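To begin, one chain is listed below as structure tokens, in the form predicted alone.
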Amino acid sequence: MTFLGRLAFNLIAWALVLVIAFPLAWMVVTALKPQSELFRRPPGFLPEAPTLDHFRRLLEETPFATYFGNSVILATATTAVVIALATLGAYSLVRFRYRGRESLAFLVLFTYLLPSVVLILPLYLMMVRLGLANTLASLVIAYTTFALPYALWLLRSFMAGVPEDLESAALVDGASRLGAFRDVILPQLVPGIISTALFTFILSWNEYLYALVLVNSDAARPLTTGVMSMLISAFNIEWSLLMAASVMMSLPLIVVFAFLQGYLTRGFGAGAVKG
């Protein structure tokens, strides 16, 4: 590639980065602006008198902390359930030989291809019959239904990349099937498990439609629906508090992604190699 080609490529890449990052930067600076600067014309990008009062009001005058705790519990529980089921399911699909194994794998993939909206009514009726309506448990079950198929297929590719000879050697040395799985397979799957867990956590943290339909109680609402019902009405939008809430909603994902980015990159690279 010539110098002009590299220059053009870098300019286009940085232009795309700026376009994508600008709304995030505007969200942060708006959360720091005092109320008097929010609707100033012409608008200024940087606040003249930065303030944290919007964050204080959000935590002290609204149930934001309750919604935040619900989202943490919901995303963590869903991730734990999905990882446990997907790891065992992927191990079964790759290591065991039984009739209908490939058909089962494609059936699981087919369920992931279905629009999630078609499952809302059956899931809602099922939760009502089970007595789980308006609870975090109902959302954990619902999120598992559409996160598990993708997680299973992702971990299946990682599992296929682990040499079977390692497990066979452990079995020859006297290890049980469970012991070989715990001591040999799981350490090899760590990048894939972290990648899958990060995907599931982000999906559960950001999901809105299921939370809107299945939960109508303030005590069980996650952040996505709680913030909307709390700060947006037919007659008014609390822009300052909404931007502060958006910043605090984004922080956990940014922190998690920053610490696990290396595992995520290695995980996707490992998942593309078999044998």
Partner chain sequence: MAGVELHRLRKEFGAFVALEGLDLRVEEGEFVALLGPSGCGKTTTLRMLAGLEFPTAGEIRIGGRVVNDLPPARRDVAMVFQSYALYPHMTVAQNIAYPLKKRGVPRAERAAAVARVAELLQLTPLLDRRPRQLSGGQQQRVALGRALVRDPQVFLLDEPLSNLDAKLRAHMRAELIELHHRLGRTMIYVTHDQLEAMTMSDRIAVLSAGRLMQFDTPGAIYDRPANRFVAGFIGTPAMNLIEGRIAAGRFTGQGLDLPLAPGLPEGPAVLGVRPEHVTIGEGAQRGRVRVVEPTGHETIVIAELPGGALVTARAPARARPAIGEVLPLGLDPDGLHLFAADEEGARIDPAR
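Small disclaimer: the values here were computed from a predicted structure and weren't measured. Residue numbers count along the first chain shown, from 1.
The next section is about a form of this same protein that is not shown, the form predicted in complex with the partner chain.
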(message) Between Ala137, Ile73, Ile193, Ala175, only one gets a heavy atom within 4.5 angstroms of the partner chain in the predicted bound form; which residue is that?
(response) Ala175
(request) With heavy atoms only and a cut-off of 4.5 Å, decide whether Ala77 touches the partner chain in the predicted bound form. (result) no
(request) Between 183-207 and the partner chain in the predicted bound form, list the residues on our side with a heavy atom within 4.5 Å. (result) Asp183, Val184, Pro187, Gln188
